[in-house]
Structures are given as C-alpha cells and as structure tokens.
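Listed next as structure tokens is one chain, alone, in the form predicted alone.
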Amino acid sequence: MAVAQLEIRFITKQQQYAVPDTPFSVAAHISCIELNSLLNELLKESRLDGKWQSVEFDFLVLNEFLRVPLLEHLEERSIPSEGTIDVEYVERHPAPEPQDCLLHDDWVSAVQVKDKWILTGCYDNTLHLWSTKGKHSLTIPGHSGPIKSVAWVASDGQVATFVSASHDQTAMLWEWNITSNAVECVHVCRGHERGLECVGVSPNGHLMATGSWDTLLKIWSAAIHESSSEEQDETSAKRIKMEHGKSQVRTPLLTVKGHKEAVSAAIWTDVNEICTASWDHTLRLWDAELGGLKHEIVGNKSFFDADWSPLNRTVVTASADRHVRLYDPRSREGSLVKSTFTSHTQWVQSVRWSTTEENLFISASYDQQVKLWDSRSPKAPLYDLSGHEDKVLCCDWSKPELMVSGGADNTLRIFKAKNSSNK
C-alpha cells in the first residue's frame, strides 16, 4: 500500500548548518531537490535577519546518499517507512575544476604528485618531471621498456628521490638535485623475470615493494646511500655503466611467492604490512618482514589496481568488469565486498583515495572518464572529470588539491580539487 507521507528529522554534524531536529511530515516520494529547497527554507527562517545564501546539500539515509526518491531508497533497503527517519545532510562537495593539460610524446601510464612536483612515466620508456604549475623540468631516459609505475621516496626541497618500475624487468632508484635540476639513476633493482607492474614505498620511506608479471612480490631497500659496507663490497663488483653515470645493481631483500598471475598493486598498509592485488582475482595481506601470508580475499574478477586508505582502513579496487569495489582487508565476517560502485562502461584501470577526506576517491577507466566518488554513494559518482580523448591508464590524488590522470591520448590532465567551506 502506498505511503502518502513520511516523518523525517533533519540532522547534521556541520553545526553551522544545524536546524531544530523536530520531526515533520513530507511527501513519501520527496526528492533530493525538494529536500534541498525545504532545508534552505528552514535555514533562512532560523536566521534572525532572514539573510541566507542558498547552499547545496547532499542527504544521507542509513549512511548512504539519497539518489532516488526517499520512499524508494527505504524500500530498496527493506526499511520500514513507519516511525521517524533520520535524514543527515552535508554540504555538497564542490565540482573539481580542469586546471591544465600536459602533453607527452606517448601514452602516460604512471603518475605521482609530491609537494610542487609531478612525476610521470610513459610508454616510450621515459620519465618526466613537471611543476604542478605545468612547467616541464626534465625528460629522463634510462629504461628500455614502458614505465608502469612511479613513486616518490623522499624530498627535502633540495634533493628528491623516486623510483620507477618498467616492463624492462627493473625498478630504478633515482636521485634528483632539484636546485641544479640534475638527475642520476643510483640503483637498478634486478630480480624479476618478467615486466614490473607496480611499485609502492613504505610509510617511513625505508623500503619499497614491486609486483610483476612473474607473479612475485619483491621487497627492496629504498635507501639511496647504504651505510652497510657489505653492500658496498657486494655491489661494487656489479657496477654497470648507464647514460646517467654509474648505477649499482641492487638485489631484493625478500621475495614473496603466492600469487598465480600478475601482481598489479603493492600498497603498504603499515611499515610491516603490504596489501597486494593481482590478476588472479585475489587481494592478499603480507607480513613485510617475514613474507608470510596474513589474509586473503578472493574477488570475482582480475584486479588491475588497488589503493588503501589510512583514514578508513579499507581497500578500493579497479577491476576488469567495469566495477570499483570496496573491501575491508581485515574483515573475517559478513560480505567481503562492502560496496560496489557502478558507473564506468569499460575496464577500470586505476583508483586512488583522497589523503584528507575518508569518503572520497577517484577512478580512471578505459571509457575515457575519471570519476570522483563518495564511498556513501555507490550508485552514482559525485562528478565525471571529462577531458581525456582515449583510455585513461593512471590517476593520482597524493596532493589534496590536485587530481591528476594520464592516458593513451598522451596527456596528463590536472583538476583542481576544491574543499567544501566547512573543511
């Protein structure tokens, strides 16, 4: 039987927008637009001078954004419509603004931002350093295969170190003198037998992990200058000449076996723990000191990428079936998949959490779209960040104010992420 009216109560954690939490009746099929009008009217009334600048809000019922009429939202979740329904409201996240488009000579397949700098890797085997203002600083040759992943290790403003992982079966550790704009490959990490797919640096910057098509996870020292005289002795015999001077061959500290197909993501969840994603449909948590398997989650498709958030301690994944999924890697009960985000129309290639807002992440897909999501809105993204003219291969949100993405259109797109005024 149709319910004509529902009783609701507005609640919010944003005190500057608080209204009395007195319950009142609304039409059962009230929409977000109508709720917005109603709430803004209440806020206007609550101002003594009657002056009120209209604000756009999003509404949460049972911690999920309202994207359909209220009664439909309740029915989908089998929630009874009797009693008072708490409708939480938050200021709507502002739309990111397109900022820049950086042209490369080939596909942009890897990117990470740190401070004032953007590091990109391409399919023509080169690395590039850019300022966040869009100025090109350096083209760095050295690899003999496409770059699949890059990561900053450390920076003190004068000198920065970073690592690149390539299909040429190596990872390279680089030292960049920012002041003189000179870069040198200090270590070549050899040990994988097939192309590398990912690299991740530990939270303290001491170690790094690489994943490869050889199904192995390898852990390496990320230090540029080893204090150990033993390593100096061991590697001095293996010095190899490269375009950038003398580079030392570095061997792995630990090799971790277990995956059956390519390892597509290696993310440090702690200084002693790594989460990996693989084409073999599994996510695995590893002890980074001993190499032992701590936990495994079996998905239903190949994982192309994953990212872990220290803010909410969950993993978001990119898959071959167009969906983005949210997992709690430590969960031992209930559904393994906490949420499924559906909007992309082709393979999702890359995902990255916001580093400052626990509910927000971006995804990049072969459908030429980058999407900004709120984890409380699985049915629809907050915004589509359009602009790419070919498949999107990588994305990054390491710097809170910049969302960046690289693609097969040879461009790196930069969007300025704006914060709501309450942040």
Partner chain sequence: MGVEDRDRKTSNSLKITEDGNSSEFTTKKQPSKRKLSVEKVKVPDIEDKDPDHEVNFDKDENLFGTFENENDSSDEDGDDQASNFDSGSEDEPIFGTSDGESEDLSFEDDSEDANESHSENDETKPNGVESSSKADDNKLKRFSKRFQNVTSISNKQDSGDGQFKTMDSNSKKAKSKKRKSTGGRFVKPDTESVLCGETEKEKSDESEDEQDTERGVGEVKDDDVMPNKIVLEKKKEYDEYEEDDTSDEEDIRNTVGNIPMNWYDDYPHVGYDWEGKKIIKPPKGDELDNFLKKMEDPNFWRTVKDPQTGQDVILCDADAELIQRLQNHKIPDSDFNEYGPWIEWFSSEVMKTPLRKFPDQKRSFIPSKDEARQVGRIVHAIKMGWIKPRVEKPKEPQFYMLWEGDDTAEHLRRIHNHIPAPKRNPPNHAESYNPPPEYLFDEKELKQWKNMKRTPSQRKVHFIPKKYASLREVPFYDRYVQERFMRCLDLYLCPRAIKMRLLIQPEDLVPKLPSPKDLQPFPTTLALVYKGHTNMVRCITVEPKGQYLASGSDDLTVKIWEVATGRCIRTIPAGGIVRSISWCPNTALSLLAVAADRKLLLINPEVGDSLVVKKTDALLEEAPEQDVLLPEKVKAAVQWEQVSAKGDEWKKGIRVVINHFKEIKQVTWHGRGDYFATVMPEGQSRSVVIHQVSKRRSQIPFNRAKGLVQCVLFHPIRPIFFVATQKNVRVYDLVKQEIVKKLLSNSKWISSIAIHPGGDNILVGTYDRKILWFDLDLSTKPYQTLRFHGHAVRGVAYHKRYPLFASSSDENCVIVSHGMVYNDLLQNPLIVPLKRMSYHEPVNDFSVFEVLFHPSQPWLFSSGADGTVRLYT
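Just so it is clear, the structure is predicted and the values come from calculations on it, not from any experiment. Residue numbers count along the first chain shown, from 1.
The protein also exists as the form predicted in complex with its partner chain; that form is not presented, and the subsequent description refers to it.
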item	value
Segment that reaches its partner chain in the predicted bound form - one of 178-186, 325-333, 152-160, 99-107, heavy atoms within 4.5 Å	99-107
Listed residue that, although its partner chain is not shown, lies within 4.5 Å of it in the predicted bound form (heavy atoms), from 320, 79, 293, 311	320
Heavy atom within 4.5 Å of its partner chain in the predicted bound form - residue from 114, 338, 73, 281	281
Distance check, residue 366 to its partner chain in the predicted bound form, heavy atom within 4.5 Å	yes
Heavy atom of residue 167 within 4.5 Å of its partner chain in the predicted bound form	yes
Close approach of residue 272 to its partner chain in the predicted bound form, 4.5 Å, heavy atom	no
Touches its partner chain in the predicted bound form: residue 206 (any heavy atom, 4.5 Å)	no
Heavy atom within 4.5 Å of its partner chain in the predicted bound form - qualifying residues of 173-193	193
